[in-house]
Ligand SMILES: NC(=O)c1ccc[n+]([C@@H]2O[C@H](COP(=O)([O-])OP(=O)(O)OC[C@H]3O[C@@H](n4cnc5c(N)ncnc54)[C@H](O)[C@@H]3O)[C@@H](O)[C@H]2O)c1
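In the form predicted on its own, a lone chain appears below as structure tokens.
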Amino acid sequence: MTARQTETARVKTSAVSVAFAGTGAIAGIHARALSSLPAGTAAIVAATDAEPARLATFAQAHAVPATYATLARLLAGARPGLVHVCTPPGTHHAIALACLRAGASVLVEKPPAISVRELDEITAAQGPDGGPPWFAAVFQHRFGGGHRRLAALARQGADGPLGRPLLALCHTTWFRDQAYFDVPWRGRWETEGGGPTMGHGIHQMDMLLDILGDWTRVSAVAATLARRTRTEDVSLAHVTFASGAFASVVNSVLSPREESYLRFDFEHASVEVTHLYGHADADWRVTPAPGHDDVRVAWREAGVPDDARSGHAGQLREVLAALRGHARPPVGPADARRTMTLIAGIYASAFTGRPVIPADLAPGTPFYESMYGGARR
């Protein structure tokens, strides 16, 4: 074997074998992100979908060598190292369990499940003693340069350049017309898990929690104001964090001027990002408090590559690097659960009309079992 042949064989062997469960629009985004990574990072080996025509189109577009009519046949025939779960939310739980039990790690699109109970069951199906197979959730906006820079500074604590966190705004104000909700699985608790609080604002809330940490209390309202849907189309929440910080959280699909906006007011600076479906460095603003111009220096020197745009490629790069190194990939069960419990808390408060604390979402409670508390709505 020549040196070139040896190197080619080594690269193929080290690449993570990837399969797709679901081949719709979001799977295409995942596949294109994979193709942007360095050669030898991952190899798409198989795909499955309930719609044969959609599966064939995806396989042709992304040079997928094998397609399967069912997930069970894919897991037995292709034996992938990682399965990208890109199906409607109500199917994530069953698919993730099947993959983990077959020995394949899973990367699950948002929301990772449609209840905290389902997420806990997925977590319990991971490998023994902290080993593979692993579960990871798609929260790609954590991997943009601006967010990573903010996270690095915030984790220095009260003695760091930002000081203590005090107040935050987390607003996902998007627009979806009635036709969007007329898709059969959308706008239903049993298949989508919720409305914009679950399906749209989840990314911004994940960013909020990654910076501010554990929440301790939430008071919320939710309503269906303009769309024919069984879920809410708008929610507003007041959230208290273990640090003492407060946050205002708004989720809407009724807003013609669409925007994703996060603002963090620390003792020594305000840090903001305005974007829609992905942020770059230019979307972030840092405003030091009087006498704290050193915050700008700390921001520039936070050790994060400039203009690393948020997106699937950034997260996939780290997930695959972890798997190739036989390590647990980001974003894992603990982070996903913190976001999911906040969403459950918002719904629980909105539907019961009272403040909610994490203990109200313990196993066996109504809003642990389902985001709508099990009542007909």
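Small disclaimer: the values here were computed from a predicted structure and weren't measured. Don't overthink the numbering: it's just position in the shown sequence, from 1.
Heads up, the form predicted in complex with the ligand isn't pictured, but that's what we're talking about next.
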Review point. At the 4.5 Å heavy atom threshold, is residue 32 in contact with the ligand in the predicted complex?
Key: no
Exercise for review: Could you confirm whether residue 210 comes within 4.5 Å of the ligand in the predicted complex, counting heavy atoms only?
Suggested key: no
Review point. Given that the partner is absent here, does residue 359 sit within 4.5 Å of the ligand in the predicted complex, heavy atoms only?
Key: no
Check your understanding: Any of the heavy atoms of residue 88 lying within 4.5 Å of the ligand in the predicted complex?
Key -> yes
Exercise for review: Answer with one of 78, 95, 250, 298: the residue that has a non-hydrogen atom within 4.5 Å of the ligand in the predicted complex.
Suggested key: 95
Check your understanding: Which one, 203, 279, 171, 148, lies within 4.5 Å of the ligand in the predicted complex by heavy atoms?
Key -> 203
Point to revise | Site test, 227, 232 and 374 vs the ligand in the predicted complex, non-hydrogen atom cutoff 4.5 Å | key: no
Check your understanding: the ligand isn't shown here, but in the predicted complex, which of 118-126, 181-189, 99-107, 256-264 has heavy atoms within 4.5 Å of it?
Key -> 181-189
